[in-house]
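Quick heads-up: it's one chain on its own, the form predicted alone, in structure tokens.
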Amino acid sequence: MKKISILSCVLVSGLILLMSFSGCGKKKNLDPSGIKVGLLMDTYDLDRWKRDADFFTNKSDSLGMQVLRAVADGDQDRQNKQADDFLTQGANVLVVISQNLKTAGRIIRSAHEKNVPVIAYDRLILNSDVDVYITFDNEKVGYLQAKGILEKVPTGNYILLGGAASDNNAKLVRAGQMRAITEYEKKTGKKINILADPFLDNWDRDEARRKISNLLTKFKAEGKKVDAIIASNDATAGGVVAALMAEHEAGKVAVSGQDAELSACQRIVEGTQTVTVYKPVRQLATVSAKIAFDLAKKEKPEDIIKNLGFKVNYIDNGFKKVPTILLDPVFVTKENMYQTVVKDGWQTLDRVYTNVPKAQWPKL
């Protein structure tokens, strides 16, 4: 009996010790201070991307995560190597804004070899086992762009200027534009004449300026007046407006964009750009940081999305149907500039209206 009693004590003690170690291990896995998140940026060329990175880093810091941050300057091979470096440094999760949506798949393969999940941030990575995709509803972005232009120019000759042909988002934006135009024609019986609908090599202002300048020259020689240009973002809209200025047509041709860049907001209140689409980047970045935190703790993507209060969408990237969060974009014109972009803190009142007489500033 004495031996049995001693043996029982040993077993109980061992069990308690095992439970203690198990409990400590569990806490260690959940400890945010041990989580490293690799943020892989494509570029800082556009006004918004530096803000994305800062918002993401600030939220990650508040969650106790360590952020490893790199920018590829538009070079996908360089970004692939940066991802490898982050994995070597022990990153628990990667967040990727890719330049080439096809060749970036190597990042996912390398990460998954080390059981590291990957978030595709605002740009879908094709033909790969992406864990989560978070973006704005890009088809809705295009829909809002076209809808805004149609309200200003109900009939006439349009040019549709797409973004980077390699970017799946550019194709989604174009799909939204065409949906709005088709719905409008069916509803009103009016006809929109699309003179040209090119895509660009990059989301590049100078390339957009050259492309539109050539088209304006071509259509002028053919006796065709251009009434509206649906540019797919604000950088390309800047190129469009520059080309129109050279022809003394700025302010006479309706122009769209997206991103609510400062220069675009200024053009809108000055009258040379008609509409932009504001994407609340702070929300995109902070939600992405929360997803990264939960993925690092090995929670399931669908559970994470639901727990954050979002609907689980699925987008086919050619390899799988990727669990996706689609955030809502916001339509912005001169009339609601203050209520949207300024009030949300994305741009300041004095900077947006810097070239406008104070008598024309919105009354607060």
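One-based numbering along the sequence shown. Since this is a predicted model, take the numbers as computed values, not measurements.
Omitted here: the form predicted together with beta-D-glucopyranose. The next part is about that form.
Stretch-level contact check against beta-D-glucopyranose in the model of the complex with heavy atoms at 4.5 Å: of 241-249, 223-231, 79-87, 117-125, the positive one is 117-125. Exactly one listed residue, out of 294, 270, 167, 139, brings a non-hydrogen atom to within 4.5 Å of beta-D-glucopyranose in the model of the complex: 167. Among the residues 59, 36, 334, 48, the one placing a heavy atom within 4.5 Å of beta-D-glucopyranose in the model of the complex is 48.
Taking non-hydrogen atoms only, residue 282 never approaches beta-D-glucopyranose to within 4.5 angstroms in the model of the complex.
beta-D-glucopyranose in the model of the complex is approached by residue 258, whose closest heavy atom lies within 4.5 angstroms of it. The closest heavy atom approach of residue 184 to beta-D-glucopyranose in the model of the complex falls outside 4.5 Å. In the model of the complex, residue 143 stays away from beta-D-glucopyranose, with no heavy atom inside 4.5 Å. Of all the residues from 195-231, the single one having a non-hydrogen atom no more than 4.5 Å from beta-D-glucopyranose in the model of the complex is 203.
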